[in-house]
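Listed next as structure tokens is one chain, alone, in the form predicted alone.
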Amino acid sequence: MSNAQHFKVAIIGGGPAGIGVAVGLAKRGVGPVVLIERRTEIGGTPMGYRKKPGGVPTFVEWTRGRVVFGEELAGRLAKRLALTDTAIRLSTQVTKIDPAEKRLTLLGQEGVCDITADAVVLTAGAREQTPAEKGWLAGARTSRVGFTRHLTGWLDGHGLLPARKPVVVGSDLIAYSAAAKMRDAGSDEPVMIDQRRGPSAGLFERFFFRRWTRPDWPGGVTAVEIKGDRYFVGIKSNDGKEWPGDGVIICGELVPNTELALLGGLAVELPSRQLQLARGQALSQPGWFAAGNVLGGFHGAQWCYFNGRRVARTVSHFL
């Protein structure tokens, strides 16, 4: 057996939930703790939503009673993390887990190595459903078809407008946020399609985004086909209605990032891919826990942070 570096707690994921776990453990004097993040910076998805003049703030910071840019919220959380002694490994991917030994195999800038811990917390977040997973969106994957994470990179990372006449698939908070960001960047009013008769975003959420966008809402679209050969040219419904465009953003309906749990044999419900949880958000193997959006559903960044803080208390009691 290799001489793996040992930690009291290992946290997989450096978003708001992972930061919350690390801060909560530090306040309880638990250490050493390592936080593993595959990206080049701490903060998770919110850090990609950069603050810019005239931009669209989309993250509710309940403790301050305001809506802010993701970069602002994530930055404040990262500052709290910096006050702890947490070891941070950026640009590092967990490629394999051994739940019984609490052993993680890491791939990072220095190559492959193993670490072990007395407890492991999974805070890997969630992703949006693919067209195949949605089950009602067919057609080829042409260019200019992307997800919200791509939109963040195009707009906030590179200053690029991916579509002048966009189509947004979905109608929740994430979809309205995407529509508002594209309108703010100079697109036409998006067409928003979903299977629902009415938008899934709440009345308050839709009212907030009316400052930027009032999407064209056909509603009740049961099945559609993405049209185009190499380039997206529009969407056609099964009843023959068509909505032309030059780009589509697929939003919402999050799926937990539980691939590692599945590979390691931890209990995961299928086909939902949701973790099977015991009391205190413990997983099926003793010493394994989960926090944040990896639990399933959609939760805001600040909720994920405080959920991580609560799990840190459970972890400290386990140790």
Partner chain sequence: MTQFGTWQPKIRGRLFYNWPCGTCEEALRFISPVQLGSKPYDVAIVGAGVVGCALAYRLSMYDLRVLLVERLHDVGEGTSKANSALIHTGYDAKPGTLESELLREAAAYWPDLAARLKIPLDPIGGIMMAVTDEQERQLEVAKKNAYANRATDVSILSAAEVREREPNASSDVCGGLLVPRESMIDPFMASIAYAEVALVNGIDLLLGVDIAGVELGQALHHLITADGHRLPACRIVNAAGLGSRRLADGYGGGAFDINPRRGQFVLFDQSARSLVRHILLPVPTVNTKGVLVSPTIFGNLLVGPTAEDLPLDDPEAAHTTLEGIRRVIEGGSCLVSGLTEQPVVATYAGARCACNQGSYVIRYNDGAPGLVTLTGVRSTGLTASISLARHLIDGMQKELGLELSPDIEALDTRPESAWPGWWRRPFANDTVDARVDHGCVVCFCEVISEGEIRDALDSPLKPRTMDALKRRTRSMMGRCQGFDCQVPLAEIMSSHTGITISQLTKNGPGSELVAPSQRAFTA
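Fair warning: this is a prediction, and the values are worked out from it, not measured in the lab. Residue numbers count along the first chain shown, from 1.
One more form of this protein exists, namely the form predicted in complex with its partner chain; it is left out here, but the text below deals with it.
Which one of Glu133, Asp85, Asp98, Asp118 is close to its partner chain in the predicted bound form, taking close to mean a heavy atom within 4.5 Å?
Result of the distance check: Glu133.
Can you pick the one in Arg144, Lys102, Arg183, Arg76 that has a heavy atom within 4.5 Å of its partner chain in the predicted bound form?
Spelling it out, the residue with a heavy atom inside the cut-off is Arg144.
Using a 4.5 Å heavy atom cut-off, which stretch among 262-270, 282-290, 28-36, 50-58 contacts its partner chain in the predicted bound form?
Result for this chain: 262-270.
Should Arg80 be counted as a contact of its partner chain in the predicted bound form, where contact means heavy atoms within 4.5 Å?
Output for Arg80 is no: heavy atoms all beyond 4.5 Å of its partner chain.
Just to confirm, Glu225 within 4.5 Å of its partner chain in the predicted bound form by heavy atoms?
So Glu225 counts as contacting its partner chain.
Counting only non-hydrogen atoms and a 4.5 angstroms cut-off, does Arg197 reach its partner chain in the predicted bound form?
Heavy-atom contact with its partner chain at 4.5 Å: absent for Arg197.
Does the 4.5 Å heavy atom contact test between Ala175 and its partner chain in the predicted bound form come out positive?
Outside the cut-off, so no.
What residues in 149-179 sit within 4.5 Å of its partner chain in the predicted bound form, counting heavy atoms only?
Read in sequence order, the residues that approach its partner chain (within 4.5 Å, in the predicted bound form) are Arg149, His150, Gly153, Trp154, His158, Leu160, Leu161, Pro162, Ala163, Arg164, Lys165.
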